[in-house]
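We begin with a single chain expressed as structure tokens, specifically the form predicted alone.
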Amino acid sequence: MYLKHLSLTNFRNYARLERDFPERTVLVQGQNAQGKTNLLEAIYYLATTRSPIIASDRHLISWGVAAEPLPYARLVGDVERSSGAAHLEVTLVREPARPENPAGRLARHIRLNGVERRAIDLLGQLNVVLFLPQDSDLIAGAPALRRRYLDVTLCQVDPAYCRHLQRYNRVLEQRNHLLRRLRERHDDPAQLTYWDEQLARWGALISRRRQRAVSDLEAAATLIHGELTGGSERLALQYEASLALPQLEADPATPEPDQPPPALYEAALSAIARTRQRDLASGVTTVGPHRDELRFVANGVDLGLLGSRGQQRTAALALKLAEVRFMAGQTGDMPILLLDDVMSELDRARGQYLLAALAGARQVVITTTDIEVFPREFVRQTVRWQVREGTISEERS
């Protein structure tokens, strides 16, 4: 898989960009605030329909067009993959302000091969793995970061998972709304029965899929981490599901992919029933995938709590490299690797290991402020681009 062409209009500081991408490693050099990260963000957005940096899409529209009657940003990508070519297009439009919405509603229009589609239909058309300097936050940051990481990774390779996640989130929202109403009005708690059943159904499917993915990621990450640490540490990934589902040797065959195995469903429903009184008192759902945790443990030490910054960086690097193997194994296509100035955060040994690992990738885009952090032989094998104020030019030297 690789990105053949990228077109940006009014995206961040790119007023207009038309760029063919080679099927190899591209080294993008430039000073800070020139557009290096914005370029990677655009590719990531086409792959996942979300920014890795900010929560609100309205900030993706260039400030230069803010005063226009209908400010918009457009991202277009042509992708080649083993299953065939795909043309991806996302347009963000900030509509005029209204009394009920002074900031103006943001509309998002998505097309796949020229046909209007939903965001979920775009997922999996372009698979990427993004390396960021702040990746160590995946280890030491809030649990929500790790849950989001698993969701983004799985949605790129498993459309069913993304569908289940959407339905779970809708059920969670409705159940929380009902819990608050029951707390305020002291109504009959039996009204929760339907939502409990739906929460157990979708929650069991999500937690089970996450557990299987973490097991696959751990198998690769443990080997990579051992190589990075010279065998001095052994990394383990521990997924803690608040629904406490039983361990199954293998999921029994079922004709209905949207139904969990009965044992998982009953366990999830029992866990939800046990916390009903607590949920009623607090007005929120206190168990489910939205409360799950992923821990990184090396030699018995929880790296998120007690690991050094160096240990956390090493675990994060092992996780991201394991993600590359996981996605390739799930889809049969090597994902596009996006590296945002990560060499500045790695010591020489880990930097060399990362560069060696890139050899198997079909397409890599790396940003840097300093070309000297890369070995000269590596640089000679790349295509070099220079970015200045949202304009990209090719370096001939």
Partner chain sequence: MSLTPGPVGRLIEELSRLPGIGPKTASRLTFYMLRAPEAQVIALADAIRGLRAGTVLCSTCFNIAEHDPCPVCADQERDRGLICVVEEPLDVLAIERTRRFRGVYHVLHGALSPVDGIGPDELKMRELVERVRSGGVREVLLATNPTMEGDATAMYLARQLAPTGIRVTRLAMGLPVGGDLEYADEVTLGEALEGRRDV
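The structure presented is a predicted model; accordingly, all values stated were derived computationally and were not measured. Numbering follows the first chain given and starts at 1.
Note that the form predicted together with the partner chain isn't included here; everything after this is about it.
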Residue stretch of 235-243, 284-292, 126-134, 190-198 approaching the partner chain in the predicted bound form, non-hydrogen atom distance within 4.5 Å
190-198
Though only this chain appears here, would residue 358 touch the partner chain in the predicted bound form if you measure heavy atom gaps against 4.5 Å?
no
Give a yes or no for residue 202: in the predicted bound form, does one of its heavy atoms lie within 4.5 Å of a heavy atom belonging to the partner chain?
yes
In the predicted bound form, does residue 150 come within 4.5 Å of the partner chain, counting heavy atoms only?
no
Quick one: is residue 349 in contact with the partner chain in the predicted bound form, heavy atoms, 4.5 Å cut-off?
no
If you check 177, 87, 274, 183 against the partner chain in the predicted bound form, which one has a heavy atom within 4.5 Å?
177
Quick one: of 266, 216, 173, 121, which gets a non-hydrogen atom within 4.5 angstroms of the partner chain in the predicted bound form?
173
Does the partner chain come within 4.5 Å of a heavy atom in each of 70, 98 and 167 in the predicted bound form?
yes
